[in-house]
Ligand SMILES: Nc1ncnc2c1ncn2[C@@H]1O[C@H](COP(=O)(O)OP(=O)(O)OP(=O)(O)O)[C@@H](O)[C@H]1O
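Next up is one chain by itself, shown in structure tokens, the form predicted alone.
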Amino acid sequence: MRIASFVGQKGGVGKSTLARVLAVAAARQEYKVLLGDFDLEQLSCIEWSATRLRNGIEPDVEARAFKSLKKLRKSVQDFDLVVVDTRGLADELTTDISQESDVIFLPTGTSMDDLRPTLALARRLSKTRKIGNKIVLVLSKVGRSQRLLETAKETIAEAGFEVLDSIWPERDGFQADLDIGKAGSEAHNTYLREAAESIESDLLHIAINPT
């Protein structure tokens, strides 16, 4: 069983969105996937999964709430992939989850307001036992400025961290789909589907394949 975690130092950067995108991508490839929601105050993934079930959207994506990694380990069996969505504010549980994960995705926007705390968290985690090179930054909610995108990529590279080739663009249509229980390439809009397919493929490749 592989564990792919989405962690962050601040909310609003697309962490829960991308967790759902990866879970759907894995389920559509017939992997048995579980979405583990550790944000017990928000439970965004739990509510999204329930909406998906009510609307009869397939494939099913099971989501469960957890308050500790120990509880997850004791109760979860027979899954190919567990996708973990953590709280928006990094804490001791974030470090524990990161240590047990096979890959750690850190979504971030292109602004320095997003990049600074994300890179600070990446540096802190990279110094922690058992984490090493498992960190991958993901540029998320990216606007239309190519200059900002390239600057963000350069900033991450200079900090010495890997960044996903594909980006998650800022589009209202993606949120509208999440509101009805869909995610990513399940979008009705052709452009949105194409934009999502690239990042889904990259996320899934890293999440499923051992390094």
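A residue's number is simply how far along the shown sequence it sits, counting from 1. All figures in this text were calculated on a predicted structure; none of them were measured in a lab.
Another form, the form predicted in complex with the named molecule, is not on view; read the next lines as being about it.
The named molecule is not drawn, but in the model of the complex it has a heavy atom within 4.5 Å of residue 88. In the model of the complex, the named molecule lies within 4.5 Å of some heavy atom of residue 10. Proximity of residue 66 to the named molecule in the model of the complex falls outside the 4.5 Å heavy atom cutoff. Among residues of the shown chain, residue 134 is not one whose heavy atoms approach the named molecule to within 4.5 Å in the model of the complex. Contact check at 4.5 Å (heavy atoms) against the named molecule in the model of the complex: none of 2, 77 and 98 pass.
Here the chain stands by itself, but in the model of the complex one stretch of 152-160, 38-46, 58-66, 181-189, 38-46, has heavy atoms within 4.5 Å of the named molecule. Residues 168, 169, 170, 171, 172, 174, 175, 178 of 164-179 are found to place at least one heavy atom within 4.5 Å of the named molecule in the model of the complex.
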